[in-house]
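Before any questions on binding or motion, here is one chain by itself as structure tokens, the form predicted on its own.
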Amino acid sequence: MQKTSIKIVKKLREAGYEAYWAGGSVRDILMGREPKDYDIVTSARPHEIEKLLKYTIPVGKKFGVILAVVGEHHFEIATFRSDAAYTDGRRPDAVYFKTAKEDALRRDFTINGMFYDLLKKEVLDYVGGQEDLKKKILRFIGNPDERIKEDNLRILRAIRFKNALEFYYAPKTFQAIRKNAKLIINVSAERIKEELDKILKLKGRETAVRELEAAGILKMILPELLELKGVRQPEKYHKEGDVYEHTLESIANLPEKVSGELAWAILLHDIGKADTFKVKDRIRFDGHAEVGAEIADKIMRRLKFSNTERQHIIWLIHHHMILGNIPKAKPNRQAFWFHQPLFPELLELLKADALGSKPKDLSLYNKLKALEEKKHKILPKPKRLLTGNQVMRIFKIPEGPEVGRLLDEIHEAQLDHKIETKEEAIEFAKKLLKK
């Protein structure tokens, strides 16, 4: 990928244009990291780039951005520009093609505003990015209020970059984030969700969520999470504090490399506890997993999750309280759970949940992990009487969590020998649906 990007830069230079690597690739190289992509900036105008390169896509041509396609790789090539006002808080009303320096000055953070001249082997730094890299400081270029108002998503991007790189905020950076937090309501749900996905995959995800709260952003994008503050838990098992504190401790104990679905599932696994809290002989949260799955579903619909993601996360939340029953269950019922496609992630949720509690107790996790590793030797994979497609077709049910819950109940009845044929499964399902 790097070699191909060098060829593109050289082609632009040979045609008489300025051309440099830009943004994150320069930052990563200076930090000794392998860049994920190589964005290019140039003095060539979009139509000139299209003439010069064989395969291009005009992804943002009116904003000066062309995508070059070489084999399996895509390279974003942007013409030097400065921007007019951003009345929608996302895109400029107009762009003006300018110089490299003017282009650098309109970017977000100093560490992302540097260019690299491949021919001279030198960094073009008009914004003080190299100095901030050395000091591990995240700083907006120029006036932070103006940078945020140009693109309101920068509120979340700042928190993500700071925690991804393990940097510190420049004095005015976090102040500007907090001051402009309300502007996050102008950002589309899809873009917010995309940034939150990236934040939850970070090693520093717990600190990032705490900063979202401190900045006043969390109450606007995930208010349900803040409802867990002050919700007491049995001190014998949760000396870490309330449900909110337990949730943050749990996400902190997820593996460094984690799927987005598992990260969201642990963030929302106890989201139903605020609505189910009661004291009856002791603190109880009866049915919080089921209630939590419903609340999580509403949150994910609001943030425009895909149906596949929603079903995945809902399944994990809905079933995270059944794990304690499995070791003492009959082999056929154990088989039912161990052969569930998402069971390995359910185990990881259990582990993070246990590590997020004080005292930490991994005894159940270790027991289940040992049993699960032997599932193919001692437990047969049970065959379902009905498939999801059959349930949807027979009962006219749309794709969604209800299909999964119905299949699970049918399968459990099968394992308990209450039903044994497809016909009996259909009749059993009819009775469930009537309820």
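So that there is no doubt, residue numbering starts at 1 and follows the sequence shown. Since this is a predicted model, take the numbers as computed values, not measurements.
Keep in mind that the form predicted in complex with adenosine-5'-triphosphate (ATP) is missing from the display, and what follows is about it.
Picking from 267-275, 356-364, 160-168, 211-219 the stretch near adenosine-5'-triphosphate (ATP) in the predicted bound form, with a 4.5 Å limit on heavy atoms, gives 160-168. A heavy atom within 4.5 Å of adenosine-5'-triphosphate (ATP) in the predicted bound form is found for exactly one of 408, 372, 39, 50: 39.
Contact with adenosine-5'-triphosphate (ATP) in the predicted bound form, judged by any heavy atom within 4.5 Å, is made by just one of 107, 288, 319, 205: 107. Using a 4.5 angstroms threshold between heavy atoms, residue 180 stays clear of adenosine-5'-triphosphate (ATP) in the predicted bound form. Among heavy atoms of residue 139, none comes within 4.5 Å of adenosine-5'-triphosphate (ATP) in the predicted bound form. In the predicted bound form, no heavy atom of residue 351 sits within 4.5 Å of adenosine-5'-triphosphate (ATP). Remark: residue 79 does not count among the residues lining adenosine-5'-triphosphate (ATP) in the predicted bound form, judged by a heavy atom distance of 4.5 Å or less.
In the predicted bound form, the residues of 144-158 lying within 4.5 Å of adenosine-5'-triphosphate (ATP) by at least one heavy atom are, in order, 151, 154, 157.
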